[in-house]
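What follows is one chain in structure tokens, specifically the form predicted on its own.
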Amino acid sequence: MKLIKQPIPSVDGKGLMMGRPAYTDDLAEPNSLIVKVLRSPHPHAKIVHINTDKALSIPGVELVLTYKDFKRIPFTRAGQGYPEPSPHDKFVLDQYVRHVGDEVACVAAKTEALCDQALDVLEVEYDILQPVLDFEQAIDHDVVLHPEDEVHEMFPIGYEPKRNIAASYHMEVGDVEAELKKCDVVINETFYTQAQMHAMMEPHTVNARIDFQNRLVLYSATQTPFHVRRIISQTLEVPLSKIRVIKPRVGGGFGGKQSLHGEMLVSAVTLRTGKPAKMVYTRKEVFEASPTRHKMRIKMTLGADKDGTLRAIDCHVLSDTGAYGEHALTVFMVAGSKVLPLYNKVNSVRFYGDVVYTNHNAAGAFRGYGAIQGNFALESAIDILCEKLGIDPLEFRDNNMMKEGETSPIFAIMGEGTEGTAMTMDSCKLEYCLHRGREVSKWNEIYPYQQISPTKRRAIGMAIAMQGSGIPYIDMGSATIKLNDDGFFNLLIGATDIGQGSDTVLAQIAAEVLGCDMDHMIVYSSDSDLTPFDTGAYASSTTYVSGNAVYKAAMKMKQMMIEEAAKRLDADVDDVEFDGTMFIANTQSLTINELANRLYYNDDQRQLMATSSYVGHKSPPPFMTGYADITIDIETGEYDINNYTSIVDCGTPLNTMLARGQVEGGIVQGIGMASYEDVKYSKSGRLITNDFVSYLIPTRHEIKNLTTEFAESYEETGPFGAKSVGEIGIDTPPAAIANAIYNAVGVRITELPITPEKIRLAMLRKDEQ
């Protein structure tokens, strides 16, 4: 293979670096109306009265929209397969506002200054309601966030809005209570994970226009263009055939652009005025009005025998979905389904809990999608159990974790909102990752810690993780390959490149099959009119699901070309050899250029196009071990991460450079969540961390060294043996760092982020005892 497992540069990298127009706002009509939103200053209120007269009297202000201008059609902004496993609990604009930053009204004007002027003179009278701000007190609270009759679930998800429950779930394998009673050692711990912001560089951006066929055309920074089209159609009552959604380049998503953002309001403005319109979120709006990671409380109980055999896992989760239930059930279920199978030799497992509404910003999809929360709890608890048992944590994991050829009953029971899919681990190099990580990280030299000065210690901690590769029987990818005259190809894909490099990887797959150079594979992605259907960039699905569709389409195109070449070479199809540039048979030859030109200009003319789609029947997990090598100041609790070692089994890494970038990008986000990223609210429910001064993300200063290796692995069902690599990197840092902190100073931090203040306070409490 000449392109697979190579560090091929991104197909769009050079153009983007040269600043060529590519992003959503670059492509807005120059005379677009500017759309801005008046957002709620209250976490919970009813709009009693809105006076729009003053705003509309300003010359240049074209439109003001309030809840009175929309039919009450509940929907979910979550970009998921249809019917969605998220409750339909949102209205385009509503008489109630449920978090600071929720939409009250929108204005459209010729300039941003006029918009601001109009927003300033909108008169809104609120009936301020008591908010629900403590997610542990949300169930059966006196205050109900969604009392309206229109809200509903699309299918049973445990939805009880009158109790502030957005979703609930319960599953059990074996009898956990009975099994725990038989165990020699049982540990119970409660862990808290915080909300986290996506902090992508490009803010949420959308523009709209009416084209010459009187159709609505949207350019949107979205991860899910086909879901955007469907949801706009349903909610604004516009026929699907009258909507086109185009996804230009996207400057980062991480799940934050899997939900709709300004598409509804910008579409409404353009449909009502007939004029192009655009919206670009301010950074403050990104913080206050786009989804966060779900905050969770996870109670973990583990039981084991003295010999180190793990026998039972009991996991109860309470999740805070904020004001709306986007991805509420599915993120919650992934906290179990992508974590608990790691230890597949237990006799019993229970996973249950609730997702609750609060008057916080709505939570949603975020890289890791619940697995990072569950992994922090389980992998911290495993280390706690190992200490009680007096067993080396690596030895314990080696004896109890998933191995190649094995399975877990959880795969068949838990999916994402539905039942799961039974599967065997045909590719699982977790055992190799564990032992290679021990070696590369110098675990034996450091563990549990080295005293490197009177006040500083070097320590190490680790965790293992698994994720998935798309959602079986739900996620679909499609691809069309067109042969052009002169012998180059167009690859048309609905898959969504959000900066991860999927256009490059999918072009590699097609080019490898067809034997051409990357320059001969021109990619067009994510235009709902022109490219085939794809569910979008989420669930670690693009390389595996869309990649399989590309592989199938490329094989079909190759066969079609050979059949056409056989006709012109007067040979049997089986006798034709093709090397990517030349067809050879019966001592005759034909170049691909000659074949294409004859197909389109000369004899027996026909266009060659090949289309295939793919729906996975399994979701082969990538696996990983992460080792955090830290130095901690025992007087202050401050710590640095000297090195983070990752050994990853993602099957075949199709593009070694991009795969490494995905892993290390995830690790950096995981370190941020582990160490200091924290969405904070005031006691009154106002978001405190609404800029990059108050909300800190990792920079080069904090990330000193990352060591990443890939295991030799091959997944038979993946394109050229690939599994996913987009999310697995983020999962291990919180637990690995928590375990390293414990190994260094003997205090267990169970609430993220792990700050020096928490460490020092825990050390003081420990000293007092």
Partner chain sequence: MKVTFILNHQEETWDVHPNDYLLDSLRTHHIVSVKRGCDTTSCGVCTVLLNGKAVPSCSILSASIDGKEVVTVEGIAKEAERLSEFMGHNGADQCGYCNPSLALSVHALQQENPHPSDADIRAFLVGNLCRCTGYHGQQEAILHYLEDDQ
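This structure is a prediction, so every number in the text was calculated from the model and none was measured. Numbering follows the first chain given and starts at 1.
There is also a form predicted in complex with its partner chain; it is not shown, and the following applies to it.
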>> Among the candidate stretches 313-321, 656-664, 570-578, 412-420, which one is within 4.5 Å of its partner chain in the predicted bound form when only heavy atoms are counted?
In response: 656-664
> Does any heavy atom of Val186 come within 4.5 Å of a heavy atom of its partner chain in the predicted bound form?
Replying inline: no
>> Residue-level question: is Asn51 within 4.5 Å of its partner chain in the predicted bound form, judged on heavy atoms?
In response: no
>> Would you classify His198 as touching its partner chain in the predicted bound form, given a 4.5 Å non-hydrogen atom cut-off?
In response: yes
>> Taking its partner chain as it sits in the predicted bound form, is Thr282 near enough to touch it, meaning that at least one heavy atom pair lies within 4.5 angstroms?
In response: yes
> At 4.5 angstroms, heavy atoms only, are Pro7, Glu677 and His701 all close to its partner chain in the predicted bound form?
Replying inline: yes
> So which bits of 1-37 sit within 4.5 Å of its partner chain in the predicted bound form, heavy atoms only?
Replying inline: Pro7, Pro9, Ser10, Gly13, Lys14, Leu16, Met17, Met18, Gly19, Pro21, Tyr23, Asp25, Asp26, Pro30
